[in-house]
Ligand SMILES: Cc1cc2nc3c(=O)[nH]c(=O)nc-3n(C[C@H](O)[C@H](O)[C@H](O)COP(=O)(O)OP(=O)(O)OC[C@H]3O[C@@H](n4cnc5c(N)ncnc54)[C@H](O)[C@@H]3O)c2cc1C
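What follows is one chain in structure tokens, specifically the form predicted on its own.
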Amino acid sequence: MSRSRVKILIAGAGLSGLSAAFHLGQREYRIVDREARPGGLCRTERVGDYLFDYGGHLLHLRADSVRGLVRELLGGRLLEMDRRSSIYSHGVFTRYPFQVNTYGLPEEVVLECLDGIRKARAEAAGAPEPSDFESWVLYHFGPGFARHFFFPFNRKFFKMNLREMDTEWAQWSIPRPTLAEAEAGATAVSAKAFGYNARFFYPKGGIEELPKALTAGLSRPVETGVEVVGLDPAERLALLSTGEEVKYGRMISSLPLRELLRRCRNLPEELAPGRDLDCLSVRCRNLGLEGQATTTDQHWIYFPEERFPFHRVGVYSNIHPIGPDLVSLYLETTFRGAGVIDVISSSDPELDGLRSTPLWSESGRLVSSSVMNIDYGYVVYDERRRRLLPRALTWLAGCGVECVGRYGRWEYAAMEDALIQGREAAERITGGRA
């Protein structure tokens, strides 16, 4: 077994790991990743004339520093646009988010939603905010909005009892309009853009252009096809898939936290349940079509009803046009657990479901169909995570391991957060001089 030393070992070359390496500049480090090319899930695949990312990867850049960095990296290759997103339910399309855009729904649905939110707001006055997601939805939106969107969509998405999920992720990601805004959205299309994703950026050529640009700016090459397979945090020793043992001073890890804990030697007994932190895996069904395949101008559409197996359809070609009469879109379906993804059956309910919507036009022709499976798609905010996460991150930090990224920190976060966390990890290690 060969042995080596390095001041900083970066495990994982997704956005957070690449950001850490980028901000370390000329300092001594090694960055390894098990895949054949850097980028993590920020990858783009070409299928014939069509480009597909690993799921919907849009850049929501709220911080001036990150927006400046991305513009510097991508230059004139960065597209910027306002969100066009909707929800398909009750046989009609309404604008996203649902809670301020009931205009166009059946009258009885609108009245139920408005009556419910009025009573909920009156009852919530002076009452403490609930800690579980199901009660939180009723507290803020009432039973009408819950029944017609929040409950069916989130049960379909998370595949779990919503009373067992906390609200940390919802606090920043779900808009909570005023009562007046909800009422106004029942009589006309809302002119106000709600939510963190109301405006977004996207690189020409696909999302992988961003990690490519970061990689080009590194002072050292990414060691691809190399994975951290074992770790002794107390001794600060990492075992690589090549058989090499690396003695590191500090480590920055974007490995999924539960995988990192599984690879740790002498893990404290109270952290052992962290090896089974819960999550969702995702299947992205990518379709390439030609002709007048769809008339929608939307970037993505949510499907809360159970009759559709997918929860979201995204239309890449409405974000990044690829050619006349060419349409590229994806269907996203979640499964409970890491890597627990059903194979597509011969009956093909996903394609049948899409064909049953107004998105599908028989004048179009299906040219390609491919699948991307994402073993770690979304983390689950349950009691185990709430109890174990702070202790696990604190213990690892005490052993010189900085956890970064969506899965490294086991949280619902955007690509901007990954870039920030990588930079901040580099700054902590270098004393703020990254």
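Note that this is a predicted model, so its numbers are computed, not measured. Numbers follow the displayed sequence, beginning with 1.
Below: the form predicted in complex with the ligand, not depicted.
- Annotated contacts: 14, 226 and 332 all touch the ligand in the predicted bound form [non-hydrogen atom within 4.5 angstroms].
- Contact with the ligand in the predicted bound form, defined as a heavy atom within 4.5 Å, holds for exactly one of 27, 384, 67, 60, namely 60.
- Considering the ligand in the predicted bound form, the lone stretch of 363-371, 376-384, 394-402, 44-52 in range is 376-384 [heavy atom distance within 4.5 Å].
- Interface residue remark: residue 140 is not counted as part of the site for the ligand in the predicted bound form, having no heavy atom within 4.5 Å.
- Within this chain, residue 420 is remote from the site of the ligand in the predicted bound form, having no heavy atom within 4.5 Å.
- In the predicted bound form, none of the heavy atoms of residue 9 sits within 4.5 Å of a heavy atom of the ligand.
- The shortest heavy atom separation between residue 261 and the ligand in the predicted bound form exceeds 4.5 Å.
- Contacts between stretch 126-145 and the ligand, counted in the predicted bound form as any heavy atom lying within 4.5 Å, involve no residue at all.
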